[in-house]
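Coming up is one lone chain in structure tokens, specifically the form predicted alone.
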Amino acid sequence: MMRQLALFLAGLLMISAAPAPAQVTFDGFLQGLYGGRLDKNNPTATEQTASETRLQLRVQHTGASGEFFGRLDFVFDGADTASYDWELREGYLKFRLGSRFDFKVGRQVLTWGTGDLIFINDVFAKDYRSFFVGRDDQYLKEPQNALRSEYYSPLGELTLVWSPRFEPNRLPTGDRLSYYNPFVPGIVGTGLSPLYYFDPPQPEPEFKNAEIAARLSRDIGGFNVSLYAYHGFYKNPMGAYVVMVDNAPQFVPYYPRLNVFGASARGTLAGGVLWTEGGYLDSRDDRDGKSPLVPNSSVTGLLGFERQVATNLTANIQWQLDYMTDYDKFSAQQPQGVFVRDEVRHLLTSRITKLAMSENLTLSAFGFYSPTDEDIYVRLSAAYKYTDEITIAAGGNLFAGRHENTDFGQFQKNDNVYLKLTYNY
């Protein structure tokens, strides 16, 4: 945390020392977010999914030879135990070397790929705690410390990202959002026991555990086409190992090693936007599918299309397939009485967005439905821009599932609604 603060202050010093002419801008927002769960049987420690006041400060300096950008959040959180916190959301330096190289160094939000809330080759960390309680969409993309370089050549744009320390997804911990524990088995939260606070150990801070991601992209026939590669870990703790405690086995979750190789294309077609993406997830810790405690390798792909269907009304649809390799070994290793996923998992999504009242009112609905897992997740929101500074928003997150151990079925007790007021300055 002190290192992050030092980076932010270093940027401010650079601003103060920068020679004229230079462009420096300051802005940000103050926001109150309040939400509560709808299911009284949810085994969490609090009924409040959000009760926070957030102040964000943004500063940007653009000079002749480079750019500094900083985004710092201060938060008072009273959903459970009242606490204060701050986070350097972004703090990076960006500059060009020669005519072909760009560099971006520091804490930054990284993203690529074509899916709408479906991530195949976008292997950068996500914050699902924020996503499920109504924080702004910008908080889904979790920042991480990285060195990003881009090289422009006649073959295309080559991007390399090196993250010296693995950054996992932020998942529900059990205090305000419950989750499925396969070793109970069942849906658990800290309202049942503090032992259900979910905080798995991360890979050791060693250089061999760094993350490396690459993308090569260029336009071909009106479509932006990209190739991807990633070397690191699964972002969720999808593996487990066994340790003996008092002569009894205990399962410890961990982040298995992972390679991803994929491709995508996105362009305009039939009056709308078409995209497709695919990837091979190489489970480095269990390439033969022998271990029941480590995920098998898989091949996944998606197809999506979006267009404006009426004035100020836009809709899209996506279809994703996920094929598990060595499925026979996987299914034979599963315990009795637990739902076992299909060899090919299907996921359908759709986003509908409507603008009204001179585009000051935005209504949005996003639905995920898996016919094979038999679960569903719906995000609803309405945001009204009262003035240029003040926005009032309300929404909800609704989950349902036939089984407790599927992606969305495990959150079926986390239905919640929220109210959010934002003042931009």
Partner chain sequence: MKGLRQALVIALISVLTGATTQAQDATEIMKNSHLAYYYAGDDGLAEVNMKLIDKNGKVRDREFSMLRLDIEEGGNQKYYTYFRKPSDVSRLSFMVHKSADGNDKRWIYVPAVDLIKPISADDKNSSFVGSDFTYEDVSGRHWTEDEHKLIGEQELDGKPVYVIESVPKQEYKGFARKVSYIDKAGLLPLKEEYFDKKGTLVRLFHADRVDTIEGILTVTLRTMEDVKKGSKTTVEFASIDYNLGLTDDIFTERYLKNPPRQFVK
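Bear in mind the structure is a predicted one, so any value in this text is a computation, not a measurement. Residue numbers count along the first chain shown, from 1.
Separately, the form predicted together with its partner chain exists; it is not shown, and the next lines address it.
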Checklist entry - Out of the stretches listed (357 to 365, 36 to 44, 371 to 379, 396 to 404), which one is close to its partner chain in the predicted complex, meaning heavy atoms within 4.5 Å? => result 357 to 365
Next on the checklist: Under a 4.5 Å heavy atom criterion, is residue 28 part of the interface with its partner chain in the predicted complex?
Outcome noted: yes
Item to check | its partner chain contact in the predicted complex: residue 118, any heavy atom under 4.5 Å | outcome: no
Next on the checklist: Taking its partner chain as it sits in the predicted complex, is residue 109 in contact with it (heavy atom to heavy atom, 4.5 Å or less)?
Outcome noted: yes
Next on the checklist: Is it the case that residue 331, even though its partner is missing from this view, gets within 4.5 Å of its partner chain in the predicted complex, heavy atoms only?
Outcome noted: no
Checklist entry - Every residue in 181, 207 and 413 with a non-hydrogen atom within 4.5 Å of its partner chain in the predicted complex? => result no
Checklist entry - From the list 135, 148, 341, 126, which entry has a heavy atom within 4.5 Å of its partner chain in the predicted complex? => result 148
Item to check | Position in contact with its partner chain when the complex is considered in the predicted complex, options 170, 94, 287, 257, heavy atoms within 4.5 Å | outcome: 94
Checklist outcome for this item: Contact check, 383 to 406 vs its partner chain in the predicted complex, heavy atom within 4.5 Å, ordered by sequence, gives 384, 385, 386, 387, 388
